[in-house]
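A single chain, nothing else alongside it, follows as structure tokens in the form predicted on its own.
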Amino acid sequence: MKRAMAVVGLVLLATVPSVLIIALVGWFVTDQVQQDLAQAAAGSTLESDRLIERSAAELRELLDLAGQDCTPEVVARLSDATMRSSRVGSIGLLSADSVVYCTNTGPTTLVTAVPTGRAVPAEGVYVGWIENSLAGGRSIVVHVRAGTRGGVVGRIDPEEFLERIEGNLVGPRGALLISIIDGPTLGRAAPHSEWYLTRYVARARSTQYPIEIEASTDEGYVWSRFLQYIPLLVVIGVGIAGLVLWVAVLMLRRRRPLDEDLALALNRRQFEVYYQPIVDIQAGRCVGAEALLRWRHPKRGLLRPDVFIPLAEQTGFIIPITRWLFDRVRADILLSFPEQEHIHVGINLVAEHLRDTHVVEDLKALFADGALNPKAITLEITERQIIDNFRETAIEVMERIHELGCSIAVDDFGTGHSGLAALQRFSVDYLKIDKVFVDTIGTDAVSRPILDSIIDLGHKLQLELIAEGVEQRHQVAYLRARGVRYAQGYYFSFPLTLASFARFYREYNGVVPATTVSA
């Protein structure tokens, strides 16, 4: 089940980057299309402005006819100008009240529409439209006015605009729509007669004339642009997915086999024992050490107990590991301290050891040949383990350990529940004061009085006290003054290999000249 979930997790982990990249490219393509539409609308607006300006320039040449009667001579001149113009479809004279009364085809009466809200200037260029003009439909008209004399007007078919701007179409189904602001739509440029509903639109307005142009395209064009990136997406997606999978597999390999490696660690001789010295601060002598188990993992390096001991408890490997630790400590003591005089080594037990008597049988085997004195071994059990295992089996285990001649220490005292009742029921020899309380010495910490309470409790119960985590000289002085007998911590030494601890023990106790001892 876990493996299947891991596989699903890997697939999802590899898929997420690809999905994110696809979404990012989709956003990029959409943004590019919107920019293209904006440029198309702006460019088309500039083209329409140029057409109007050039048409207005042609009409200005006829301003001298403004206000004249529609005589054959005037009509002929208007007709000639229309024939010569490539932009203006028809030309007429405009009265002061915006009525076209004469065109290149003769007298007429036409009214040009004024966009809502736009005032007609007395002079200059004005753009409007004509409904139902001579060419039918709507046409754009350009007025060039000359004050009270009226002016000249030119009709420009919207197709003239559309022909000039259709090169700005975006996509095969793109469209360009030209309109009079506050007025009607005049025409649209599109490659098909059918008008497609579009999703992507951009608009631009002329800064000089009431002209607005809308550029649009459909989703098909956006999709076609997106498909252009598919080869690149495939390469990037496969690369990132492969990289993510590779990293994930490495991480899984780093985590997954830990329980499997734990089963092989003993046979592969990967466990090591370090010794942290314990000093009698009243007598100024080193009296022993706490045995600290380490796992030198081939890939993860040196692992602390809090990394693998919980796993060993869950998998049941804690029993053979502890048995190995017993044998290793026995061998180390017999090798480096054959006289076993005044040497005590603490070995940590876990809750599993209090649930049946197998640990007692293992200890019996340890002392069976009489080579190792049981007094050299102290079994350390945390306060929480005692509380959580407050049952007859645990009491029996601890009593039988005492019967063998070993001492029992309560580790991390003060950090668990209130263990006074358990201390009165269980037979223990030492209380180990946790580092968290030792650190309060010389401070104003709220928890500082707890240290004094633990010390007083130990004295009242006639238990020896061992302070853990001692790192400062003033801590040693305070503990010594309060009657604490034993201490361990970096102030005295880091955890040491067997050879370094044996040298430290002899030098500290003045057996050999002192030299620098390093961990």
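All figures in this text were calculated on a predicted structure; none of them were measured in a lab. For every residue, the number given is its place in the sequence shown, counted from 1.
This protein has a second form, the form predicted in complex with a small molecule, left out of what is shown; the following refers to that one.
Proximity of Gly67 to the small molecule in the predicted complex: non-hydrogen atoms within 4.5 Å are absent; the residue sits far from the partner. The small molecule in the predicted complex comes within 4.5 Å of no heavy atom belonging to Val33.
In the predicted complex, Leu325 approaches the small molecule with a heavy atom inside 4.5 Å.
Of the heavy atoms in Ala265, none are within 4.5 Å of the small molecule in the predicted complex. Proximity to the small molecule in the predicted complex, taken as a non-hydrogen atom within 4.5 angstroms, holds for one residue of Thr440, Gln276, Ser407, Ser336, which is Gln276.
Residue-level contacts in the predicted complex: of Glu214, Glu380, Asp362, Glu352, one residue has a heavy atom within 4.5 Å of the small molecule, and it is Glu380.
Segments offered: 69-77, 399-407, 287-295, 145-153. Contacting the small molecule in the predicted complex at heavy atom distances within 4.5 Å is 287-295.
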